[in-house]
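We begin with a single chain expressed as structure tokens, specifically the form predicted on its own.
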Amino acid sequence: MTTPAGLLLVLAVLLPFTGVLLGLVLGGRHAQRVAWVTILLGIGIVLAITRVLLNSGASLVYLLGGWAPPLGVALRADGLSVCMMLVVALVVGAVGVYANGDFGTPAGQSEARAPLAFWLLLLAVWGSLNLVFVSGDIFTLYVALELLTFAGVPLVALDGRAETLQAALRYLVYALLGSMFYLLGTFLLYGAYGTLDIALLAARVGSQPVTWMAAALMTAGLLAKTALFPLHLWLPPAHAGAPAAASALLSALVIKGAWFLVVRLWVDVFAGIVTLPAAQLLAALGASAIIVGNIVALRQARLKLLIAYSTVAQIGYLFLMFPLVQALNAMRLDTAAAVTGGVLQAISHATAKAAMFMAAGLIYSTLGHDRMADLRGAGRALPMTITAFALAGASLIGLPPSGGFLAKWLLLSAAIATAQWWWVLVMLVGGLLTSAYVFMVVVRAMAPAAPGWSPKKQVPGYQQAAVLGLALCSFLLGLAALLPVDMAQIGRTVAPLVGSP
């Protein structure tokens, strides 16, 4: 049944899309104003949802039309959902502040194509992600993923250059193939079990070939959308070629939608179906992403490409949680540490990577390029931005008290508890490689500028403040360990293992 305040879930989804329609109708400078009103109202709604979740200690539920599944569609928000909605609201707000400098309508013009498109797509990405986080059935999740794809792809090609159009088309092809695989799996599950509702599926699925085929198809499709190695080829040109504000959205948020769905399927729906070898295979792809992505990042000649390949590597950490959860389940131990570690890794990466891409945008504006070999002078011209880059990098490395440190600590603890020492080694090597390129960028940026050099452009202070704010959030996220409750675990239900008494 619908819980008190369940209507807030509907508002969290509908408000951004209402902003898109209103901005489209009003157009011009009004689109930016509509976006800002929507952002402020949307943040208020997410905070209200968080308050209700913490006070009630249970999930929020809303039954569309009052019909319960399997006839109707349910929206649900547990601790995992609300954690992700909070970080999305935070990043969208910071990107919005930053984008005022890059996507304001030029003086003397009533409307410009790129600013209008950016503000509408920003809201569309937000609404789509909120729908991903609160959807209670796997077909609504498919619809949400498609909305997210069609909002994310145009962000890549906002500047209209040939290379960004090519990158956007490659991204679209991967995303559509991923959608096709996911949809095939959805059809198989519905045909076998007669429901699309996640909670009902979790109770009905059995260990049989149709379930394994559905799980394989859906997972493969989602891995393509998440850009997990070796399906990552679309990501570097797309994220490095987009404008900085768009890159921040794509790298910090959009790829998390598909990953969140993998978590829903593997931890909630197929918890008793997936085997430990299958989870080990998924994590092996993640480990490959960590090693290959970091090494390739070290070889990049441009800063934005380095950050994009860093994203390829950091995605790998998100998949190390699955064999840990599976092993803890098999040992009848609490899986909270592994699940919370994975979510914290997603949150700390979202805030850190958004800060790094926006910092790269400011460095480009100041120097007129982002060549790694010639970053000197950036530290003197942009001290706040380089500090933010270093703080965000510290979180990616996993230095205390950052969110990356707490996330990796939880994952390391789970790996040790389940005697999976090889994932410990992967995380340590990944941290060393990450520290190498973060150190390289900071040292080169702090080198003194050539005599007579002056910045190409003075960037506004509020843009640097937005970057520093996100970096600080990522760096201080580790203090979440001091909170009295593990918010990610509120409202979580553990599916029974197949064959368990």
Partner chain sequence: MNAPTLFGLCAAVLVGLGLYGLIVHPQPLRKVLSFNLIGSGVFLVCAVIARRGAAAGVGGDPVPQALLITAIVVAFAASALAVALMLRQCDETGSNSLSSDPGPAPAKPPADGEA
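For clarity, every value in this text was computed on a predicted model and none was experimentally measured. Positions refer to the first chain, counted from 1.
Keep in mind the form predicted together with the partner chain is missing from the figure; the text below concerns it.
This chain appears without its partner; in the predicted complex, the one residue of 301, 425, 143, 295 with a heavy atom within 4.5 Å of the partner chain is 143. With the partner omitted here, the residue from 285, 291, 172, 213 that has a non-hydrogen atom within 4.5 angstroms of the partner chain in the predicted complex is 172.
Shown alone, this chain has one stretch from 386 to 394, 158 to 166, 354 to 362, 329 to 337 that lies within 4.5 Å of the partner chain in the predicted complex by heavy atoms: 158 to 166.
By the criterion of a heavy atom within 4.5 Å, residue 409 is excluded from the residues contacting the partner chain in the predicted complex. In the predicted complex, the partner chain stays beyond 4.5 Å of every heavy atom belonging to residue 313. Residue 180 belongs to the set of residues with a heavy atom inside 4.5 Å of the partner chain in the predicted complex. Contact annotation: residue 92 falls outside 4.5 Å of the partner chain in the predicted complex, judged by heavy atom distances. Scanning 187 to 218 for heavy atoms within 4.5 Å of the partner chain in the predicted complex gives 187, 188, 190, 191, 196 in sequence order.
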